[in-house]
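Just one chain is shown here, as structure tokens, and it is the form predicted alone.
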Amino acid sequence: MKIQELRATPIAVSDPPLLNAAGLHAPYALRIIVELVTDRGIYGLGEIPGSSAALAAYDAIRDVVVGRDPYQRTAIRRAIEERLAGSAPDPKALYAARQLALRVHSGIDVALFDIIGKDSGRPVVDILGGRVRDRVDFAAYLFYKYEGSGGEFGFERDQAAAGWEKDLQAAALDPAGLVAQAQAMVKRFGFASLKLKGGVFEPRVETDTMLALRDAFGPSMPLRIDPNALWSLETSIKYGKELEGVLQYFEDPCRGQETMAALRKAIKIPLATNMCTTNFDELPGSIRHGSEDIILSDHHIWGGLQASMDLSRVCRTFGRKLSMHSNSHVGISFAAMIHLAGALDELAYEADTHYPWQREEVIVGGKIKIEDGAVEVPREPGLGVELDREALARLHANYLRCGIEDRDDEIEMQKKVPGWKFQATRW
């Protein structure tokens, strides 16, 4: 069997005006849908965050992927890395090229596993080593946000919007708004843990939000906050001490492995990261400094499903716990996350997911159902999802029409707050 064709289709899906440390989400989130088609008529699917650089990279690697045996995953990975990062002129450029190669390869890697699963008649979770759980638990992902639903039309004109989605359209700019948002999420999906994307307001406000969530849901509801490293060490210690006994874990409150290590010694809350340790090159520093207790893996960032399985072994060896990071994804990435989580014996916490915030879908049958805060691990061959080509065409038309080629939350925020600038450490 040989790969006959590589297709990379950029799409844009509606994204609400969610606030974060980098600014504000644009009305559309960008994704790239990857298809590998074989000479046996089997096709595999992948999905990655969209950008002009990633889209160009798929054109650049097409000739080193097409013609390969999809079972030769290591050779394909090496060929992609060599093509995208083999001629970087300096260390800074090399780092950027490697990061791009990992992201681009992650879409190829998932598609290869999808092909292998379909060819062998087994779900991807079995190809990864076999299921260790039948259901994968997820956390509600809460955001401060402006009113609205993103995309071209508001929910008030969207006949497909359910009542809970109208609740999520509401602004949430203070503790009371976040409690209402969390209640809507829990009522609709049955989530049994809550995560807040912080780094938006002064830490006193965000700490009060966590305390309000604890008061609303009680001490049995696990809570997390992610300030995206915008707090100084001193600020992280001050509010971290106040949140001892409240947080399940504290995600990236401050920046850098050494700073996180100092915080880890000062407070009694497990620290998690998706910022100070994000690739295998950064693991030695993580171990040397003791910068976190939990690594939040993301197969898009670490280089695919196999890399994520490899990461779990490192975590076990060096006493790290493992969970999963998320971004604004549709059903192909969500399915890949579910299969990966189903195979990871080191998965210690409910995984992140933005999935409830996205309205559109590119897979046949519509959105994957989250019930009682969890999703069943599929048993169908491959990822267990098929591409809805009409939906793909519609969302590609969204991409062409919206005019967004790269995510830039700072520019979007400046439309609301003129002159607003990102700061690496704000408080």
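Throughout, we count residues from 1 along the sequence that is shown. In this text the structure is predicted, and so the values were computed from the model without any measurement.
Unshown form predicted in complex with a small molecule; subsequent notes refer to it.
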item	value
The single option of Ser291, Asn274, Gln181, Ser323 touching the small molecule in the predicted bound form, heavy atom within 4.5 Å	Asn274
The small molecule: the contacting residue among Lys195, Lys145, His339, His299 in the predicted bound form [heavy atom, 4.5 Å]	Lys195
The small molecule in the predicted bound form: contacting segment from 75-83, 135-143, 262-270, 92-100, heavy atom within 4.5 Å	135-143
Partner proximity in the predicted bound form: Asn228 to the small molecule, non-hydrogen atom cutoff 4.5 Å	yes
Gln248, heavy atom within 4.5 angstroms of the small molecule in the predicted bound form	no
Heavy atom of Asn327 within 4.5 Å of the small molecule in the predicted bound form	yes
Partner proximity in the predicted bound form: His354 to the small molecule, non-hydrogen atom cutoff 4.5 Å	yes
Non-hydrogen atom within 4.5 angstroms of the small molecule in the predicted bound form for each of Asn20, His25 and Arg407	yes
